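Structure 1 and structure 2 below are the same protein chain in two forms, each given by itself as structure tokens.
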Structure 1
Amino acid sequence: MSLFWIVIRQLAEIEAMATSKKVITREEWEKKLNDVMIRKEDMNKLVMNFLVTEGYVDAAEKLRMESGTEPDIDLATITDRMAVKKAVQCGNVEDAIEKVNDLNPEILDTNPQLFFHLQQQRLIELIRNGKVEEALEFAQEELAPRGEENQSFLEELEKTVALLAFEDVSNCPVGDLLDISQRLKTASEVNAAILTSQNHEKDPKLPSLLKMLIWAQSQLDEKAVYPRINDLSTATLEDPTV
């Protein structure tokens, strides 16, 4: 290590002491990391939970065989759920609604917001395909009555219908409704509702744990200077700096 870096590091440590933060060296920290006990089984479960919740049914089945980890949900139900999700992602909303009802009619009955969003998506798809008349009819007959029940539904409906007013939607203020991201948003909403109806958490645990890591590091930052991991995707331990 060059003298320059040694000096820089010492300065950093002095500064840290001035703010009365505890300085933990890389060696000390690595010892603490080594003392942590993480069970392999638990990591396998965490990965399985991700595969299952995100709908990677084949991969989940393979992981069960390759690692002996049992999925926390019946794998058959994933296939149905993914079919619904995929239908929305591809713009086949009618098909998706039918499939959800086949799965469990209570999902849409008890979730008016989700049902509205699916119908809205249906309207968006009609507009996308240039079926103006059909779109207007659908908006008046199916969506407007729901708007009367709920102010926020009405606003969203108006926003969607506004798409019809523009010749060039790529340049209009509500154009993002036609974006693929709107389909994905609706698809993940349906996905979450189905998972909830199956008594399963709607989000995988892994992203929450990663967020928790970011949070835990920032909490510890207040009291100590220690080697952090800044890049989650490579899990690289950085030298402590102030």
Structure 2
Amino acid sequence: MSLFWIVIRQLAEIEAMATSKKVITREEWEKKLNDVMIRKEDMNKLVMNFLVTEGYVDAAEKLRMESGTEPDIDLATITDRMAVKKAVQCGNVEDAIEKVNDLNPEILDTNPQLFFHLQQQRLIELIRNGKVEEALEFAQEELAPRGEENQSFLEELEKTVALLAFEDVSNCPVGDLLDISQRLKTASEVNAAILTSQNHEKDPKLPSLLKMLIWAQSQLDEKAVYPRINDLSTATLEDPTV
């Protein structure tokens, strides 16, 4: 074999070694995981943070009693916050606004975007219930003045009013405003605002950690074959496939 082909073969072998992925067995991976020390107290705090932020007051109280983990917020306020969230999810926006003001009037006074979205949701509910004249009057008196001051508000108002132009909302390009997902979106925004007013994180930490896990695995996929977690609901390690 000529020297030329010997050199070419060696270069190919070196390149293959450089680009091949490292294979990590389940035994090696589990040993690495077991070497990571996580305090039970920290896990309890993580769970408590999720329960408090998402409003599972009964579960939070039970965790507090069983583990001694103290929430960083008064659990009594969770019930009030969930009442606001439920009112929006049920379409009772006026009731939700009253409840928010009872909790803290500054929440809506200092957050014009949130107040507009709540008023927009009131308009959507009027349209949903077929109250056309009332909806037009409400849009003109309550929302139009805010739209004149804010271009993004005006665009959202125009989209909402466009629902009135369609008898069959299934053919309406903005028909998604009548979906339950729109209520949930508004309810989530109110929930976040109340949490912020109480000096609490508006989002639980657990979902962020799961997103970090997904990102870390995607980065590791480029360099190694390892026992992967594909089902986050069970966190089961799946054997690596070479």
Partner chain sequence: MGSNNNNNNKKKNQDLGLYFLEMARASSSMGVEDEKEESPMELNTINSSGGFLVVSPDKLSVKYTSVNLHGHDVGVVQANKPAPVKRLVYYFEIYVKDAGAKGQIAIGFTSETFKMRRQPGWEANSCGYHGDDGLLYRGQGKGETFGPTFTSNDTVGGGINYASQEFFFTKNGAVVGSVFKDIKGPLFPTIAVHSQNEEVQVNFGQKKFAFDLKDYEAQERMKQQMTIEKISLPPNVSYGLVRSYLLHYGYEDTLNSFDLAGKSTVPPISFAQENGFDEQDIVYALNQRKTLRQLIRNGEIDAAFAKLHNWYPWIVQDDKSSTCFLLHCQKFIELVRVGALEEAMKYGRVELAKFIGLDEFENLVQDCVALLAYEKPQESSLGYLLEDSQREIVADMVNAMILSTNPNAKDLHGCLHSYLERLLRQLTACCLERRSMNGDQGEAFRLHRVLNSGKKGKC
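Residue 1 is the first residue of structure 1, and the numbers go on in sequence order from there. Bear in mind the structure is a predicted one, so any value in this text is a computation, not a measurement. The term rigid core refers to the maximal set of C-alpha atoms that superpose within 1.5 Å between the two forms.
Asker: With each form of the chain shown alone, which structure should be assigned as the form predicted together with its partner chain?
Answerer: If we ask which form is the one predicted together with its partner chain, the answer is structure 1.
Asker: Would E27 count as moving between the two structures, using a Cα shift of 2 angstroms or more after superposing the core as the test?
Answerer: Yes, E27 moves 2 Å or more.
Asker: 2 Å or more on the CA of S181 between the two structures, with the rigid core superposed, yes or no?
Answerer: The answer is no, as the C-alpha of S181 shifts between the two structures by less than 2 Å after core alignment.
Asker: When the rigid core is used for the superposition, does Q217 move between the two structures (threshold: C-alpha shift of 2 Å or more)?
Answerer: Moves: yes, 2 Å or greater.
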